[in-house]
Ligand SMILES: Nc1ncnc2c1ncn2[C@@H]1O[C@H](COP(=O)(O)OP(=O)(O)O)[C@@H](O)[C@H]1O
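So this first bit is one chain, no partners, the form predicted on its own, shown in structure tokens.
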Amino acid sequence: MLEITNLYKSYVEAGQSRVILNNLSITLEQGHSLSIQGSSGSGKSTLLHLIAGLDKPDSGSITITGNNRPTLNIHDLEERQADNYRKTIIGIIFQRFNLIDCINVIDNISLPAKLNKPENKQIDNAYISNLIAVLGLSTLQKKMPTELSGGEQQRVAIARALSHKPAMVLADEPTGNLDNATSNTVSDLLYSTCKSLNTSLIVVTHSPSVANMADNKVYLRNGKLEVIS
């Protein structure tokens, strides 16, 4: 379960303090999905970065419990602990994809699974092959990221985020570069895979159709989350 309590985050711009998140609180049960909508610059990506341990709040707390793990206080993690948290517990789909240019598509996708493989165990190749097939990447496995279109890179990033079956996936505009048909396929895969793995999913999106697939829907306005019925 993810629990965010009284989260406050501000930045200094042109000598002025700007509040991004203002006393924000929300709880997400394990295996459930949450979509976050909001205008550009409202703080959606900032919130994901805080949950991912890539940034720290000014005040407030972010905790994760469940899966037979002790409570993890994301806001208190040191750099090495945060790196391990991102490697083992969560999957992240960035807007900029962040693929590794010097390795091919299949190695990009499989990397998180290989890094998390228990000693003397095999990674779930059948599961990864299914991700690749559903996302239409089967013919691209040996290509390098620089040989792919933006939409293809985005699909590789989605497969990579899911490859190690994380406890939580953070997706920042996961369908932003995709046409409508591909967006529907990718959204279906993302939500259904997370549901089948009991993985929590948080999706930042401008797409109402992608947002409406979530169990819980919120709108970020003036630093706070408003529930969408």
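Everything numeric in this text was worked out from a predicted model, so none of it was measured. Numbering starts at 1 and runs along the sequence shown.
The form predicted together with this ligand is left out here; the points below concern that form.
Across the options 177 to 185, 43 to 51, 57 to 65, 192 to 200, residues that bring heavy atoms within 4.5 Å of this ligand in the predicted complex belong to 43 to 51. Using a 4.5 angstroms limit between non-hydrogen atoms, R221 is distant from this ligand in the predicted complex.
Contact between T27 and this ligand in the predicted complex is not found at the 4.5 Å heavy atom cutoff. Shown alone here, V210 lies farther than 4.5 Å from this ligand in the predicted complex, counting heavy atoms only. For the stretch 1 to 16, the set of residues having any non-hydrogen atom within 4.5 angstroms of this ligand in the predicted complex comprises Y11, E13, in sequence order.
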